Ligand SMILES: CC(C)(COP(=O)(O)OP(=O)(O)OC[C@H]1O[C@@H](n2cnc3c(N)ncnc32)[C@H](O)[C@@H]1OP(=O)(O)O)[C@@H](O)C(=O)NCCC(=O)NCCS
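Consider the single chain below, provided in structure tokens and representing the form predicted on its own.
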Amino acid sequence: MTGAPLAVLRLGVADAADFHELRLDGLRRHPEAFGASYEEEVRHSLEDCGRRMESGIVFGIRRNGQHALDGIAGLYIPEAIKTRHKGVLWGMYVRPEARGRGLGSALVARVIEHAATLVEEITLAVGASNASAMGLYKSAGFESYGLEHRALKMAGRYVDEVLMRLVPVQ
């Protein structure tokens, strides 16, 4: 990859429209890659997305000089006492035309960096047939610890998910 380093920014309320557009793009193009569905997410208003940006931890990345977001990733930390030591990497998506440029690696690295001060481990679930995503997560230090058969059901077919974690978060 050439050019300036990629800037991964924490998204805020002002980024709600860009986040919503990119999230819907991912859900539409790759429904098997997300627990959420396009049909449910499209009903969320920009105000809903703004609240998600304000109350949650969501990162975004833009290629040099681009206005629209090219990638997003979130970190969810439960509030419950017994589970708040673990964060969940969720909603990871890089626009297909922006792939192969290190954006996914930069997003995952930023989530890990942020999580290191907040949690002891990060977990995620990835479609068992998504070899490129699993490779990305493995290169960041994640290890698989299980397989959830029939984790998702779409149009009468099932998607298995590989469960992965990074311990300790560094």
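All residue numbers are counted from 1 along the displayed sequence. Being a predicted model, the structure only gives us computed values, none of them experimental.
The form predicted together with the named molecule exists for this protein as well; it is not shown, and the discussion that follows is about that form.
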| property | result |
| --- | --- |
| Partner-contacting position among Cys49, Ile112, Leu103, Val119 - heavy atom within 4.5 Å of the named molecule in the predicted complex | Leu103 |
| Single option in Ser37, Ser45, Ser132, Ser55 placed near the named molecule in the predicted complex, where near means a heavy atom within 4.5 Å | Ser132 |
| Full three-residue contact with the named molecule in the predicted complex, heavy atom 4.5 Å, for Ala33, Tyr93 and Leu136 | yes |
| Arg99 within 4.5 Å of the named molecule in the predicted complex, heavy atoms | yes |
| Those residues of 106-127 which, in the predicted complex, come within 4.5 Å of the named molecule by heavy atom | Ala125, Val126 |
